Every structure is written in C-alpha cells, then in structure tokens.
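Quick heads-up: it's one chain on its own, the form predicted on its own, in structure tokens.
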C-alpha cells in the first residue's frame, strides 16, 4: 500500500495521542489533525462560535456531534489531506465514526485503522495534572518527565519568554469528568471498529513515547503502511 494512511487515534485523555500522531506525521508524511487543538484555537478566537466551543471544553464536556463533525470534515477536505491524514481526538462517538466513514466513502477513501492507546486511570490522572502548555506557540510539556526548561518553544525563543499555563481541562476535578465521559462512550466505538477488524490496541502503561512509537510502527507495518523514504 502507498504512503497514504488514513488513521484515527483513540484512547483516554492523556494517553499520548497527540505525541504519537505528531511522530507519525514526521515519519509517514501525512497531516496531523487534532480536534483538541482546533477547538482550543476556536475557543480563544472571541467569535460567537469560539465562545460556544469554550463553554463546552472549559467544563470538560464534549462538543456536540453536529458542530465537531462540520469542523473536522472541513479539515479533511483540504488538499493536503488527499494523500492521507492522522486524526487525533475524533471520532468520540459511534455517530461521529459512522459520519466519518460516510464522508470518506463519498470521496473514494476508507479509514484504514483506529489505533487504541490503552492507559490506566491512575497514570492518566498523574500525566494530565502535570501537563502544561505554551499559550504563544502551543508546545506541550509535562512537569514530571518533560518540563519546559528541558527544551525551548516551537518558535525558537527562550522558554522564559513563553506563557506556560495549565489548561482549564487538566485540573484534577475536570480530568475525572473527562474520564467519566470517555468511559461512557469508549465501549461502543471500540466495538464499531473491532467488528470489521480496524481496531489496533496498543498498551502504553509505563512506556516511554519512544517505546510506544516502536509498537505503533510495527502495527502500521502489519497494515502495509511504510515510512516515507
């Protein structure tokens, strides 16, 4: 199969979907579409739509299907995504998964696989409450294993010039709300992709991002997807 993977990353918040999706983008040459980044950018825009988005994510709730589907489908319709993409944080319901399959089929494509990153609840809480990000460049850090002072921002400035904050949805109380929502929706989506053999689970407990990525590359190799030469 050519280097045009169409994949979704699936798993609880904090499982490392964004990190692994970015690695895939670099190695396999396809765009990374993060629903979380898109929604957070929108929530800071100050527009009517942005304020509506903020009212959901700041309280750890999911954005309604109709709204998130419209936003994501506009992204995958862009020319860069005609050669493939990696979706991070979408779909989050069976209805969204069905809508994605329908949109792709109408364009002559098929989602090749759903990568499920598995992680214990205790490790999720530990990771997310220690997560920080730069409001200026969007770089994500972790106070325990990847603190800001260990690397600069994406714009090449000293980290001291960045505005490092904790996301409103990474506090302990909101993390529990997000995990509850995830548990309520995960089962049906797992079943949806498992029924036709498109679900690929990867256990990430206690593993470094490098170890997880090696597992991921092995999984993609089984699909027939190879890195860009």
Ligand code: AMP
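Residue numbers count along the first chain shown, from 1. Because the structure is predicted, anything quoted here is derived from the model rather than measured.
Missing here is the form predicted together with the named molecule; even so, the following discussion is about that form.
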Which residue among 192, 56, 182, 28 has a heavy atom within 4.5 angstroms of the named molecule in the model of the complex?
56
Give me the residue from 63, 162, 33, 175 that has a heavy atom within 4.5 Å of the named molecule in the model of the complex.
63
Which of 132 to 140, 82 to 90, 102 to 110, 115 to 123 lines the interface with the named molecule in the model of the complex (heavy atom within 4.5 Å):
82 to 90
4.5 Å heavy atom contact, residue 167 to the named molecule in the model of the complex:
yes
Should residue 202 be counted as a contact of the named molecule in the model of the complex, where contact means heavy atoms within 4.5 Å?
no
So which bits of 93 to 119 sit within 4.5 Å of the named molecule in the model of the complex, heavy atoms only?
96
